[in-house]
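In the form predicted alone, a lone chain appears below as structure tokens.
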């Protein structure tokens, strides 16, 4: 006997995926639902159990519109260029992905909630890679737990980072203090349509190296 219903946990883990086209822009997300998902995310492991994170949840329309402009400025030009190359190459899956990214970018201001997980710390060119990994490793597990909790409640999300190209401007817009790093931006909305299916993935034997790289 296992302590969990693995059929359900396996389904949650295999179907929590990036959602862009099926976000419900018209249905508000209750603050209590978001708060509960952050509560669960806070159980994630982190260095020294310091819990040096803050979750900025943006639901105000004007603030969402401001963030959306910075996000579009970062993602649209390179993604449009990539889409053109994928079309020229006949890369149908790549075209679908690029079109979905651009679709979300165009409607980013309509997403009911934009969530920016932040962690206390600073980056500089002299920072050792191990400390950089430790810093982000202290919040990214919580980000994934947050996305799992969302999915288990009928919401959808995707992990984005394009707004970080204007991190200082977004920090000023949201009054994020110096000494905290924005790690990503998660658009959150209820899922439209049927449940999500597992995406295509490589077989484990293709990506596992036992004992040494081979």
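Everything numeric here is computed off the predicted structure, so don't read it as measured data. Numbering follows the first chain given and starts at 1.
The following text describes the form predicted in complex with a small molecule, which does not appear among the structures shown.
Shown here without its partner, the chain carries 20, 104 and 160, all of which come within 4.5 Å of the small molecule in the predicted complex through at least one heavy atom. Distance criterion of 4.5 Å from any heavy atom to the small molecule in the predicted complex singles out 75 from the list 75, 143, 95, 113. This chain is displayed without the small molecule, yet in the predicted complex the stretch 160-168 from 53-61, 160-168, 173-181, 29-37 comes within 4.5 Å of it by heavy atoms.
Proximity of residue 199 to the small molecule in the predicted complex falls within the 4.5 Å heavy atom cutoff.
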